[in-house]
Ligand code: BES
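Shown next as structure tokens: one chain only, the form predicted on its own.
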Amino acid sequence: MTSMQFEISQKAPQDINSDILAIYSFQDEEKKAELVWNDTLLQIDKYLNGQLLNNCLNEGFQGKWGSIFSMFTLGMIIPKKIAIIGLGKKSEFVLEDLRQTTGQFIKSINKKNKTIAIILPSGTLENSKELLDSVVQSVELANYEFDKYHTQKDEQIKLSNVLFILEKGKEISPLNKQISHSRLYSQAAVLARNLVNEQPTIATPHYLAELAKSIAKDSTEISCKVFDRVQAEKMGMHAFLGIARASTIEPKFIFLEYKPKVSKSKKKLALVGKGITFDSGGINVKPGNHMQDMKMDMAGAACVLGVFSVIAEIKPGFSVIGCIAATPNLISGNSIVPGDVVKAYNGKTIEILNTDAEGRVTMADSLSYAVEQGATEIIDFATLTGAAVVALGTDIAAMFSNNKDLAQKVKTAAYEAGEKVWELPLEKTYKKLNKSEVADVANIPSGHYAGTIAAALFLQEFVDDKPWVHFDIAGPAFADTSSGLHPKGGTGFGVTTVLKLLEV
């Protein structure tokens, strides 16, 4: 986790010792070519002898969404530089605007500045804690980089101190608590990112299992069981083991359980994550350009582990279990092949028609096990189908649910987390797409269309009508290019949504 320090100061902005003083501002609603000059900007402009206003006008800075204006203060105030971050029109403002613009700003100044002071936008939300929460997470996630394997470390200056400027008379203690709480979210997302970005010869099933054990070891409220190949065989997890049999790397079925010291509810939420630590496609081998990022096929498992790494500090008042069937999908003389039939943990048989549709097969056992363990609600995360990316692009997760109430709660949590989801239908008439002539269900649809829906309908066969939400995160789990809140690689998608949901 980053060594960045966050503090709150009640000094006047012009007296803050920082490399940059950052102020948010909006675009004028009526005069489209002008910036809204709030009291803070007007005050700073006086200390700068009107140069801030003049330079903004000369450069045509209007406060449009994502725009940034900056200038050196030349010793007229203590901060060396001032930056204005445009939020667009105030009437259209949502928290996601704050997250994205903050992320872009942090990326633009990182490795050039060590200390920044930030004035949160005023008059946007009644609860300043929400603003602070969004900015703290955005700063840490935008500052993230996975440089473990760089032999020559970047010697440039790194951002290490963030000061939030608070008006005198306001209480600091609640905001300090909020900063600590927000950093738990960042910490969990960073863990998930690191797992996805790690090389697959390191982030093996054994590696994930040992991490799960260490998470449980550090908390009296979390327990962990890890089942090896022999144990899973005795338990009847033949679907999972069918995919695992090609590899000499030992598969692991990981079961985590959080039990609060004082339970406020009989609810038991199950989190299920796809744990394919590397996906070659199996006998239906992937083309080379589709295989190079397949270390990310365990992003669902990374999400579950990220959540459990902080769950004891988030302290939900109900039980939460986590299920991960971890294995690579490789190729050998022992590979599962098209035409094979495997029996899932709940007794249903699956005809394997394509070995590159392996994740749903392993998850059949994970979902069935969650049901047996008494889950009253289930949420799963899986990098499941390329069709989801075709339908919704790389930023939006496909969501499915068999329960309107749970779906609405999850969508609200995702909105608050700034993680984009779009619900697709569990169309009953499409169940025929998964029909098999020799087994209860086939692992790929018979046609070329509705692949994401067909995959969700396959998973539904194993949830036993429990309230359930499925996230196909094939798009947003791994970024092909850098953006405001993350570099190329693992994004930690899903972690913040679940943590928000746990606190409802």
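Numbers follow the displayed sequence, beginning with 1. For clarity, every value in this text was computed on a predicted model and none was experimentally measured.
What comes next is about the form predicted together with the ligand, which does not appear here.
Enquirer: Can you pick the stretch from 296 to 304, 221 to 229, 265 to 273, 413 to 421 whose heavy atoms fall within 4.5 Å of the ligand in the predicted bound form?
Expert: Result of the contact check: 296 to 304.
Enquirer: Can you tell me if residue 394 lies within 4.5 angstroms of the ligand in the predicted bound form, counting non-hydrogen atoms only?
Expert: Outside the cut-off, so no.
Enquirer: Is residue 128 a contact residue for the ligand in the predicted bound form, using a 4.5 Å heavy atom cut-off?
Expert: No.
Enquirer: Using 4.5 Å between non-hydrogen atoms, is residue 351 touching the ligand in the predicted bound form?
Expert: No, residue 351 stays farther than 4.5 Å from the ligand in the predicted bound form.
Enquirer: Heavy atoms within 4.5 Å of the ligand in the predicted bound form: does residue 365 have any?
Expert: Looking in the predicted bound form, residue contacts with the ligand do not include residue 365, since no heavy atom lies within 4.5 Å.
Enquirer: Going by heavy atom distances of 4.5 angstroms or less, which of 316, 386, 88, 200 would be at the interface with the ligand in the predicted bound form?
Expert: Result of the distance check: 386.
Enquirer: Quick check on this chain: which one of 357, 190, 106, 84 has a heavy atom within 4.5 Å of the ligand in the predicted bound form?
Expert: Partner contact (heavy atom, 4.5 Å) among the options: 357.
Enquirer: Each of 279, 444 and 474 near the ligand in the predicted bound form, meaning some heavy atom within 4.5 Å?
Expert: The answer is yes; 279, 444 and 474 each reach the ligand.
Enquirer: Which residues from 420 to 440 come close to the ligand in the predicted bound form, meaning a heavy atom within 4.5 Å?
Expert: Stretch hits: zero.
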